[in-house]
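Quick setup: one chain, the form predicted alone, written in structure tokens, and binding and motion questions come after.
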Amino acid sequence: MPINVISAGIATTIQDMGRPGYYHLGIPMGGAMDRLALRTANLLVGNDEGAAGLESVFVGPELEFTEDAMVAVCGAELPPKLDGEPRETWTAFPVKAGQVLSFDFLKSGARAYIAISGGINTEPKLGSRSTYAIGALGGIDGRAVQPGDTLPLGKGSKSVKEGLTVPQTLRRGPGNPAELRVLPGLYWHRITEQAQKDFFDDTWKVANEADRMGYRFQGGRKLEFVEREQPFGAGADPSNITDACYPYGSVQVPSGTEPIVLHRDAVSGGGYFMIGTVISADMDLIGQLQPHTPTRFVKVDMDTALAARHDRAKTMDAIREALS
């Protein structure tokens, strides 16, 4: 039996762990912006970690259940309510047929992940149920959830434990200011030594242009470029390059003014230089940043990036152990 969508909140989409393997064709991996939060929510309700759930931005949906289920909400502190009664985040709670799940005002973070036992069982596209709205793939007709939609569910586990919760020490979120570790990239030499120093010394703020394609940052000093001859095939602006591939997390700075960190639904290439790349361990944090959040970029080397990835994997292992 499906879930009926009464109201959809803001930009609520169906997401799983994405569709890797098509980036060379211009189709991004996509999937949850905060992968740890979605994986954890799924574990709480007895799903496979990669099962499809809902990603809600700032405002949660209102959902009517037509069958019993177990639900968990992780990521942003968007407090769930069941028939108006508060429920805990990062905790599994039961929902009975006929009850309505809604949400209170956002307290912290930006994106909440709603996992339901059995997972959302829409038709996969290129191996994923994740919504990629620009390419009209996945989700419901390739778009965000709307009022009047019905969300089909898979078969849930019978052994889910009500009240199962994630310890506070394992609930990861951005600090204030947020810190994003960056590995300088192939085009690092394109800016002066002073500009390199300024980029990491300055405190930036998340701009209003912050979505699944990328996050823009404002407030730091304009970067100065090293003089050069315009390469064949590149634009005249000093931030232009001959078209190149963009890795996930790459940091563009068009005209040297406002850094843009490319995220899950980003384009696969283009003509802007990349000052570096946010390390994989910190990509989840970006999805939890609200507009105007103070943010520092922190320079790291490859050894630090690999150690951070290892630490993040250990955190996920600790969550699995705590919920086993």
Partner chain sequence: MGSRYTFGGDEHIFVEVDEAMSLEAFFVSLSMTNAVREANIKGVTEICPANASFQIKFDPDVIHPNDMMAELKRLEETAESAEPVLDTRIIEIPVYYQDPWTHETLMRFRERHQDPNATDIEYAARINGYDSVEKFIEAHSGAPWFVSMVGFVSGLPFLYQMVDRPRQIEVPKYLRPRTDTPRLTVGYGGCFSCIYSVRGAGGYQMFGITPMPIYDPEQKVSYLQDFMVFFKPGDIVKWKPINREEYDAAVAEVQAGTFAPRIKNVRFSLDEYNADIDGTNAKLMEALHAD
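Positions refer to the first chain, counted from 1. From a predicted model like this one, the values you see are computed outputs, not experimental measurements.
Below, we turn to the form predicted together with its partner chain, even though it does not appear here.
- Within 4.5 Å of its partner chain in the predicted complex, a heavy atom is found for none of 5, 103 and 165.
- Though the partner is left out of this view, residue 305 does reach within 4.5 Å of its partner chain in the predicted complex, counting heavy atoms only.
- Using a 4.5 angstroms limit between non-hydrogen atoms, residue 269 touches its partner chain in the predicted complex.
- Shown alone here, residue 243 lies within 4.5 Å of its partner chain in the predicted complex, counting heavy atoms only.
- Residue contact with its partner chain in the predicted complex: residue 153 places no heavy atom within 4.5 Å of it.
- For its partner chain in the predicted complex, the listed stretch (27-35, 44-52, 284-292, 63-71) containing residues with heavy atoms inside 4.5 Å is 27-35.
- None of 197, 125, 81, 205 but one reaches within 4.5 angstroms of its partner chain in the predicted complex through a heavy atom, and that residue is 125.
- Taking a 4.5 Å heavy atom cutoff to its partner chain in the predicted complex, the contact residue among 233, 147, 98, 175 is 233.
- Taking its partner chain as it sits in the predicted complex, the stretch 176-193 comes within 4.5 angstroms of it through a non-hydrogen atom at 183, 185, 186, 187, 189.
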